[in-house]
Every structure is written in C-alpha cells, then in structure tokens.
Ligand SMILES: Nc1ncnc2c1ncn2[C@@H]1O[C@H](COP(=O)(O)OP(=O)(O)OP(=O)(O)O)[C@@H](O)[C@H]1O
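In structure tokens, one chain follows: the form predicted on its own.
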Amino acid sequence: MYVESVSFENYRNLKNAEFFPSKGINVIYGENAQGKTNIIECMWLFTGGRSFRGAKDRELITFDEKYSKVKATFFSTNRRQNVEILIQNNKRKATLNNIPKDYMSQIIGNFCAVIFSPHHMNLIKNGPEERRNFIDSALCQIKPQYASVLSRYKKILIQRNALLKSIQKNPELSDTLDIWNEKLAETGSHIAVYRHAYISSIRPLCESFYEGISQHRESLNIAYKSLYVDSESISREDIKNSILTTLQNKQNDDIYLGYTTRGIHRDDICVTINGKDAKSFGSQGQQRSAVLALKLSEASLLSKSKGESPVILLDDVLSELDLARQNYLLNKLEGLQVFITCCDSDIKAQNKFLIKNGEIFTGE
C-alpha cells in the first residue's frame, strides 16, 4: 500500500495544495508551527479515525472558513483507489472510490496506516486510557467491524451513566438498569475477546522487536489486564456473565457515584520489562524502547493481516530517540512508504518537502 497524492483545502493553517510523495521515505521538514504535523494528521484521517491529537472536527477547518476537504489517491489491493473527506458543521462525510458513505466507519480498513508521534511516547507513562486507545485503534484497522462494536459500547455506556444520574433523583428508575447491564455486558464481552486475541497475536512480535532494540540484554512482555479475562480458554459467554455479575454487584456504588465504575472501559495492557512494571520501574530509555516495539509490532501485524504493508507516519519522533533507536526504526521500515516530519532535512529520503507558513514546497 502506498499514497500517490494528497490534497487539502481549508485544512488548518495549510495553504490549498496537492503533493505527490514517493513510494519510499518522504521527509516533511520546516521550523516549528509551520504545518508539518497538520499534514500527518490529515493523512491519518483517511484511515477513518479521528485526529490523533484529539482535536475536534471544527478545529480542523481553517479560521474563517466553513468547511475543510482532504483527498488522497492511493494504491491498495492491486488497484488505484481514492478517498475524500469533507469536514463541515462539526461532521465528517466520506467518499470512497467516488461512492458517498453514510458513516465514517465505512471507510475503515481501506487505507491503513500506523502513526508514531511524541504523544505515543506516553503510551507507557500515562494511564490505561492511552493503552486502550492504542489497542482499539489498531483493531479498528485490522477488523473494521470492531469499530461498530466499540461505538455501540460507548453509546450504551453513556446511556447507562445518564440513567444512573437520573436514579439519584428518581429511585424507581432502578428497575430499568437490568436492561442496560445486559447490553453493556453483551457488547463488552465481544470487545474483551477481540482485545485479548490481539494482545495474544502481538505479544511475540513485541518480544522480538524489544530484544532487537535492547540487543538481547532485556526482555519485554505484554498482557491484557482485565477482571473478566483470566485464561486463554475462557469463552465469550463466561466473560459476559462475569461482566454482568460485576455490574450487578457494584450497582449501588454506581448509583451513588453517578457513573459506571466497572466494565471493559476500565481494562488495561500490562507491560513489563525483565518482569517489572515498565510504567513504575522502567527507565525513560526502556519505556521508549517498549513503545517503539509496540508500534513496530502494530505495523507488522497489520501488514500480515492485510497482506500488504501499511503507510507509516512518523511525526517528529526521531528527535525523541537516540541514534541507535533511530537506526533500528528506519532499518525495520525499509521498503515501506514512510512519512517523517522533522525540523531539518538531514535524513536521507527519496522525496523531501519544505513547509513554510503552511505552504508546501519540493525540498532539496
């Protein structure tokens, strides 16, 4: 898989333009706040996901403009394809191969990419939400149907939380909680099975990549940490019943607090280095190596699942890595289409693009 062209119109600070990357390494360079990350963000949207920076849709539109439009032509599954996203009125509308889609989720799985930014360096340091987002984002690309299940779970969770708050004022409404408990447990069990299977698949890859980065001096292990999944052989029905029992047991606490205190939205990924928790005991270098191993594993598993390599988006991460890790990363990405943003143009690349005041130029 590779991108042939990308164009943007009224997108953040970028001047309306189209550029044509090479199939190999593409360097996008320039001073800070010129628009480098905006290009990477724009390309990530083609996966069907939201801004990796957590921006709201209206923030993606150039100031004083009413809409934003981004397009890409890419080669995948042995054919040329195109995707267009219109951002307007706090909504996004997608067109894939000239066919309008009713939902953004319908383009997921067509254009696949792996993104690595300084924000992802917090994957180990920060709380469980970062790690859940990592696994959910990866799963959405490998199994597009997962996005629908995840969306359904979030909606059910919002509705249950709203009901919990209402019960505080109207206790008689507690009789309806059983319905939402059942729905949350049913949908949550599907998500737990998907996540557990993904971690099982990615674990040996992470171990191998980390050993290579550490030159076999250290070992890494990852595991899905959940109250409801405790063995390789546990069934989805067992997971559902476990979630349901927990929701029922914690129901009074949930009503008192006004939100759902238990469920798969509280699960985590446990990352250990030499048997010790990476978040609590890992050095900064070890944590960066663990994140690098996770992202390389994500790319490798996505490539295996899709039968072709994803596009790699590296947003200002090389400066976060020492020379040895930089070389290891670039060596493992050899032969793939890679987009790298940085402040200078020292990196060897087939194509270089200079960004200045939101305008893109072909570099030296």
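Owing to the predicted nature of the structure, the values given are computational and were not obtained by experimental measurement. Note that residue numbering follows the sequence shown and begins at 1.
We do not show the form predicted in complex with the ligand, though everything after this point is about it.
- With the partner omitted here, the residue from 61, 301, 318, 333 that has a non-hydrogen atom within 4.5 angstroms of the ligand in the predicted bound form is 61.
- When you look in the predicted bound form, the only residue of 37, 305, 51, 309 with a non-hydrogen atom within 4.5 Å of the ligand is 37.
- Proximity to the ligand in the predicted bound form, taken as heavy atoms within 4.5 Å, picks out 29-37 from the listed stretches 42-50, 66-74, 29-37, 321-329.
- Although the partner is absent here, residue 16 sits far enough away that none of its heavy atoms falls within 4.5 Å of the ligand in the predicted bound form.
- Shown alone here, residue 352 lies farther than 4.5 Å from the ligand in the predicted bound form, counting heavy atoms only.
- When the ligand is considered in the predicted bound form, residue 23 lies well away from it, no heavy atom lying within 4.5 Å.
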